[in-house]
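Read the single chain below, which is given as structure tokens and is the form predicted on its own.
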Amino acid sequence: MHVVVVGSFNLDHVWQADTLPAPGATLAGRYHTGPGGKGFNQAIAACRAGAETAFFCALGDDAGARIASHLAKIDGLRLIAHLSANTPTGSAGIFVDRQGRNSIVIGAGANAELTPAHLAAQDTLFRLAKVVLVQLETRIDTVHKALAMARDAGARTVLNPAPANAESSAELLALADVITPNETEFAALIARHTALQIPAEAVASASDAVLHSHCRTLHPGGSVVITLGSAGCFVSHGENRHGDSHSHYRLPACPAKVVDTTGAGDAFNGAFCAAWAQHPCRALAEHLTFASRYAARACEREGAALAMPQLAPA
């Protein structure tokens, strides 16, 4: 098993309009629905990027669960789901404007029912994993358990600390070899875990020295990859540079004809973990460059999970 992803599955309800809705506004637009959830998006991305992938989640005993099972089977994704009889599958309301920007509201549903005990029953699978990837759309104790089990098994650990308002702790961050916030998430983490402050809108334009210093304060024992949208990403390492020559650097974004950025971060994370798991001796920068290229292609299609391209690392 190359990659194990622990996280959320949602049914996405997507409305597209010229602008994002303001309070009290009613807009005309287009609607479609499809599979999503950060965990599922990232698992599908890892799978379609060429990695043998397993996905742990919790689902309702409903149509959403049947959709998840059907799509996982089509993609060859190993789905390990706890079924909650009394709680519906998670859902998300997504608004997308003509620039591809989005606003999202999530109803956790069954995602909140995934417990540490469900993971503990699958210890063997964690011991086969090369990389374990988690996010923060499920219970924090479950996320902590996943990272701890991965560490015990000798797998590399990646935490995508999203959404920005989710609970986290210093102990949780310390269990991750790499954390992958976007600008908003990075600003929230800095405010929550350090005495420093940096506005989200100022992250991309901050100097490399300032960002590296902030990253070392936030996550002294590990690496931080800040995704910056069209500005690419910033990388900061602690003692372990994972094959990179420099302690910190920037990588440019790959050009894209943007249609929908909803799953861009998930595409990046899934593809990064897929590449890292399949080629563990290559420098991290190579995997991040592949992830940037993969995310750019995902932005050129509508949707989240179904927008992930079929593209294997070279």
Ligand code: RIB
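The first residue of the shown sequence is 1; numbering continues from there. Computed from a predicted structure; not experimentally measured.
Not pictured, yet referred to below: the form predicted together with alpha-D-ribofuranose (RIB).
- Using a 4.5 angstroms threshold between heavy atoms, Leu189 stays clear of alpha-D-ribofuranose (RIB) in the predicted complex.
- For Ile104, a non-hydrogen atom is located within 4.5 Å of alpha-D-ribofuranose (RIB) in the predicted complex, even though that partner is not displayed.
- In the predicted complex, Ala298 stays away from alpha-D-ribofuranose (RIB), with no heavy atom inside 4.5 Å.
- Using a 4.5 Å cutoff between non-hydrogen atoms, Thr53 does not count as a contact of alpha-D-ribofuranose (RIB) in the predicted complex.
- A single residue from the set Val203, Ala92, Leu175, Leu125 has any heavy atom within 4.5 angstroms of alpha-D-ribofuranose (RIB) in the predicted complex; that residue is Ala92.
- With alpha-D-ribofuranose (RIB) left out of view, the stretch that reaches within 4.5 Å of it through heavy atoms in the predicted complex is, among 272-280, 34-42, 66-74, 241-249, 34-42.
- Contacts between stretch 258-296 and alpha-D-ribofuranose (RIB), counted in the predicted complex as any heavy atom lying within 4.5 Å, involve Thr262, Gly263, Asp266, listed in sequence order.
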